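Quick setup: one chain, the form predicted alone, written in structure tokens, and binding and motion questions come after.
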């Protein structure tokens, strides 16, 4: 039985000659788990939106989409609302009520269900998803992971036949993301719900998928079982190999006649089989000698910050302190709801702690005038890039921030650096999440800050632009970067220092290699795969280097 039949679907956005979708042909069977992957702007989100009529974007479209054999556009909205569920990237964009239990009931009320049915379905979903402990809470009290789980539960209460997820873990910490994706797989296996998902984090979804669809410039370039797709991309010498799960990247990087591993567990077995009969020449990489962080000149110094949002609320920050050395890239990791974003906002003065002090370049932040602090000194890249957008085109957004005689040339240079040149005449809300993130980054960098605070800067970015993003940051001479991130792999590769934030404060800080090689869960897939054999390998490159030396 087939759910979706997509035949010759092509689409272009208004005022754009480029096709966002180019002759897409795809059949999705009932009960399948499909993962769609590709670079930012490859057409993944645009394709998903065409599978849900109320959010289908405006533009020029040809081709047809059939659902259960009938044209999708002929389905009435009530039937489509119950049959096709959609989970967005940002949970805040989807929640519409004030209380958790109200949100669980909202969809059922909209479908006209009677009170007894609503109460039964709400109770069932709350129990299935483990929501009962925060059932009566206000929605604004929930962490990002809880909000996304609430979105999922609210949709599943309507018993959809198909669940569409557009990068649902982009704002979740690694542990919450893993739990969320396991729940999605459980829904697929136990309820038979068809899953169609886009993800940049392929570690958890690639092996769980029945089929993987790879998109590039609006076209499908590969489609099949996970291992088959990996082999096809390798044969094509396609750059998407760099986005494959870590065990597959290491396998292709080392070269082996053994079967390609997909999961971390398979990766460990592959390492054992490959190196079991060899005496290891080297099992660790040299540690870089680094000066004691407390002996370095600080660009940012925060001491004993205490903050709560309301007079009678609990403290979010509980004596949080940090010293960020000049010229360093300093990363803070930790779970959703621990206070990381609030800490960043307190450092730049958006939130004002009731106790503690903050110094920027040795000067108390209260001594700065606003225009002095935020022009050529301090800049914040927020978690939601759309909060920076106030103009009708990407070009106008960048021009607003640029200043001086070389305004136009500065904008064009930054657009090229952030791969935005083809998007300059597009509305910032009509581009993908990753492209929005790059636009926000370009806008902030045009302010030419000496100190850059970033909240989840790699959210929505594909692996390719992450490498470019790291290069851009390295080229920014004499700039200090403090970032909050759930992107463990990025922090392991590029951060000078990493701190763990927990219960309102920083509890430990170390160099990236020492930090990630000492953790069990807050660590990289490469480390989990190889730690039984190599002492301190934390990136794919580390494991590949040590494997080659020992073969």
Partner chain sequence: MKFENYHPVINFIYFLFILLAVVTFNHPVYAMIAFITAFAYSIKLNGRRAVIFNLILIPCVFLYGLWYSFYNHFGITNIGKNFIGNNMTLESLCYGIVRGMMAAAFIMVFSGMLTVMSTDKVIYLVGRIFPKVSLFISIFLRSFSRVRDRCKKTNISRMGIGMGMRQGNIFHAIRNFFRIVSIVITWTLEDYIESAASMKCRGYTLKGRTAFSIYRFDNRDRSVVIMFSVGIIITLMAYALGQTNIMYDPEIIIYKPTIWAYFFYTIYAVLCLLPMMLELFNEAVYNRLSRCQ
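Just so we're on the same page, rigid core means the largest C-alpha set that superposes within 1.5 Å between forms. Please read these numbers as outputs of a predicted model, since none were measured by experiment. Numbering follows the first chain given and starts at 1.
Only in words, not in the display: the form predicted together with the partner chain, which the text now covers.
J.: Within 4.5 Å of the partner chain in the predicted complex, heavy atoms considered, which of 162, 285, 88, 293?
T.: Answer to the contact question: 88.
J.: Counting non-hydrogen atoms within 4.5 angstroms of the partner chain in the predicted complex, say which of 254, 241, 401, 75 makes the cut.
T.: Flagged contact: 401.
J.: Contact check in the predicted complex: 102, 105 and 112 versus the partner chain, with a cutoff of 4.5 Å between any heavy atoms. Do all three pass?
T.: All of them do, each having a heavy atom within 4.5 Å of the partner.
J.: If contact means a heavy atom within 4.5 Å, which one of 502-510, 52-60, 24-32, 484-492 is the stretch that engages the partner chain in the predicted complex?
T.: That would be stretch 52-60.
J.: Any chance residue 368 has a heavy atom within 4.5 Å of the partner chain in the predicted complex?
T.: Heavy-atom contact with the partner chain at 4.5 Å: absent for residue 368.
J.: Taking heavy atoms only, is residue 354 within 4.5 angstroms of the partner chain in the predicted complex?
T.: It does not: once the partner chain is placed as it appears in the predicted complex, residue 354 has no heavy atom within 4.5 Å of it.
J.: How about residue 97: is it within 4.5 Å of the partner chain in the predicted complex, going by heavy atoms?
T.: Answer yes; at least one heavy atom of residue 97 falls within 4.5 Å of the partner chain in the predicted complex.
J.: Indicate whether the partner chain has at least one heavy atom within 4.5 Å of a heavy atom of residue 389 in the predicted complex.
T.: Residue 389: yes, in contact with the partner chain in the predicted complex.
J.: Heavy atom within 4.5 Å of the partner chain in the predicted complex: which residues of 366-383 meet that condition, in order?
T.: Result: 370, 371, 374, 375, 378, 379, 380, 382.
J.: Taking the rigid core as the reference frame, tell me whether residue 431 has a CA displacement of 2 angstroms or more between the shown form and the other one.
T.: Result for residue 431: yes, a 2 Å-plus shift.
J.: Rigid core fitted, is the C-alpha displacement of residue 245 between the shown form and the other one 2 Å or more?
T.: Residue 245 C-alpha, core-superposed: shift of less than 2 Å.
J.: Once the core is superposed between the shown form and the other one, does residue 86 show a C-alpha displacement of at least 2 Å?
T.: Comparing forms between the shown form and the other one, the residue 86 CA shifts below 2 Å.
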